[in-house]
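Below you'll find only one chain, the form predicted on its own, shown as structure tokens.
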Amino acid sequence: MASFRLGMIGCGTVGSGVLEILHRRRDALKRLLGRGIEVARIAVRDPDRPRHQVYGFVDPDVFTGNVARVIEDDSIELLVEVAGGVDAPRDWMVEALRRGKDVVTANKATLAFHGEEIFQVARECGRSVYYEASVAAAIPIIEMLQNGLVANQVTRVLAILNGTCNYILTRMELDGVDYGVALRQAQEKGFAEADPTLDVSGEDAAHKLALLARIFTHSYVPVDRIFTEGIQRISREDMAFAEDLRYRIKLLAIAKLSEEGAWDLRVHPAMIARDSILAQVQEEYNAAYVKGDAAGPMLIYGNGAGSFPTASSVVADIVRAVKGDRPVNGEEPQESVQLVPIENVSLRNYIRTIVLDVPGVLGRITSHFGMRGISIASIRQPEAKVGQPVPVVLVTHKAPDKVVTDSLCELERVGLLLEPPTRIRIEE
């Protein structure tokens, strides 16, 4: 059979990895598929820039600076988008689908913001969008949810979906360093961008959770409806207190189905028990704890970032496309999904305040929370000289999130605190 011709947009870290894997595995893939895979055209920003790392895998003549040469080539059956961005990739994918091409993408941001339009165009044109690499790199979480757990109603997902944040938090805990130092270490190792905002703010994990939620809720979930909070205010003091309390701090993407059929979706730093499975996931690794009503609980774990882990999932999707395996993302989503506002979620909380060590201050703080119906489970206050700043750490029993948030705002206004409090939700 004639080779399967694909076109790529982008040839950076991930794109280079895709080309190397396709070259390295070309004979095995040909045996599996009964035909070869040919990378016919690659659109890049600067086609004249030398790319010696990939010239052994593709001919230099395949590079072009014109995206239209990839999308409008009718001999190309599949578009592989690994360029990044948000709006331009939306245009490329939509046009490719309308021209009869399937699409493979690693772009979670484009799908999070434009996914419904892209999937709608795919349905109208009888084409498919494959996006395994957009969430957790090498971990086949999308395949697992779409196919492996199709007999289940997923009822819970707790996941570490951002390797940058997990690396930073790991270094803060193990090395005893502040957030800024750990961030610089992540940047030096290539785990964090020069501008790390998308990762450390929690937005990247929220994009990924929105894509996963679309599968298990069978509905479109706007990313702006997912409560999102980043790790920027976590300190080494919080790490030390977490260890004393037998917790670890992780940035979690959380989805829980209530008995009433509403979904609690959120992304934020969370304290989890040190002996829990997710607490053992360190460095840049990702993991997802998933619970189905028939299968029960399970864990999937692996590399969440990097050239080859991400390229591994891209190539897996290319193989699915060549085989004609159609993902279930072609189904029409339900009209809406009922979401639980973060204000209504009841959780335990870790609260760290900085106060002057003067008589009565601890009593005033505990009374402040008690008068608002927030029960204190434990208090920790290191010894300090009278009149000097001292941290006071409180762990609450479960309370509605809005009640805790409002109480902390009021506590700041009354002037008892020397700096804004740090609040970390505790996930049981």
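The shown structure was predicted, so the numbers you read here are calculated from the model rather than taken from an experiment. Numbers for residues come from their place in the sequence shown, where the first is 1.
As for the form predicted together with another copy of the chain, it is not shown, yet the points below apply to it.
Shown alone, this chain has one stretch from 104 to 112, 233 to 241, 354 to 362, 306 to 314 that lies within 4.5 Å of another copy of the chain in the predicted complex by heavy atoms: 306 to 314.
Proximity of residue 21 to another copy of the chain in the predicted complex: non-hydrogen atoms within 4.5 Å are present.
Another copy of the chain in the predicted complex comes within 4.5 Å of no heavy atom belonging to residue 258.
The closest non-hydrogen atom of residue 180 lies beyond 4.5 Å of another copy of the chain in the predicted complex. For residue 174, no non-hydrogen atom is located within 4.5 Å of another copy of the chain in the predicted complex, even though that partner is not displayed.
When you look in the predicted complex, the only residue of 139, 83, 226, 186 with a non-hydrogen atom within 4.5 Å of another copy of the chain is 139. Of the residues 156, 323, 123, 98, just one reaches another copy of the chain in the predicted complex with a heavy atom at 4.5 Å or closer; this is 323. Every residue in the set 285, 295 and 300 has a non-hydrogen atom no more than 4.5 Å from another copy of the chain in the predicted complex. Residues are counted as partner-facing when one of their heavy atoms sits within 4.5 Å of another copy of the chain in the predicted complex; in 150 to 167 these are 150, 151, 152, 153, in sequence order.
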